[in-house]
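Okay, here we've got a single chain as structure tokens, the form predicted on its own, with questions on binding and movement later.
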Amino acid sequence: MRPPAIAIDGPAASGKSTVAKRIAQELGYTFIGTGAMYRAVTWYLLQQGINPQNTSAVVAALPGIPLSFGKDGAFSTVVYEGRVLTTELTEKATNDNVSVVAAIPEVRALLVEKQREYNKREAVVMEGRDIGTVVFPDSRFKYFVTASEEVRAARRAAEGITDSIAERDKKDAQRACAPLVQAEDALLVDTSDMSIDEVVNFIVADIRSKLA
């Protein structure tokens, strides 16, 4: 029987990454940040001078991308040339192009396979935009974490990220491959007026009730 896979989906700056990390700590599961995977691929392509808009060039580069996806303690990591990528993943160029790269079916197929490999070995809390709809569609534990556009824009600005929330939402929701959408059986959690503790406690209580 496969270990539990907790699917946390939602738009940019909804708080899903912070919430997912806290839930993983609370339950003793491994946190997998899928956004970091897409950002790492985007960052690498840009480093190599590959235009993310050139889909054929992106696809051609995929087999040789020297990124490894592992974990450090209870948190997933992306490693390039022996170092864990961190600030590289939130550079402006990466922010501006990640939605384009993430919309390429071949990129998603590669990374979804990597994401599922984690759950073959252990229980995971995975956050992204298509976890409940594509990566783990059969999971009993699906949550769609969101917040108002104004709240999310403020959170983004506080992180020093200046991309447009509205534009990012539009790109993610309208892409042909695995668009951002709430799974029909996912529990909607609006974090606009909730503290992180409140969100975490609410979701953890629901997970434990389903595990009982």
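All values reported here derive from a predicted model rather than from experimental measurement. Numbers for residues come from their place in the sequence shown, where the first is 1.
There is also a form predicted in complex with ligand DC; it is not shown, and the following applies to it.
The closest non-hydrogen atom of Lys142 lies beyond 4.5 Å of ligand DC in the predicted bound form. The closest heavy atom approach of Tyr38 to ligand DC in the predicted bound form falls within 4.5 Å. For Val124, no non-hydrogen atom is located within 4.5 Å of ligand DC in the predicted bound form, even though that partner is not displayed. In the predicted bound form, ligand DC sits beyond 4.5 Å of every heavy atom of Val78. Residue heavy atoms within 4.5 Å of ligand DC in the predicted bound form occur in exactly one stretch of 165-173, 50-58, 146-154, 22-30, and that stretch is 165-173. Shown here without ligand DC, the chain has Glu127, Gly128, Arg129, Asp130, Ile131 in 117-135 lying with a heavy atom within 4.5 Å of that partner in the predicted bound form.
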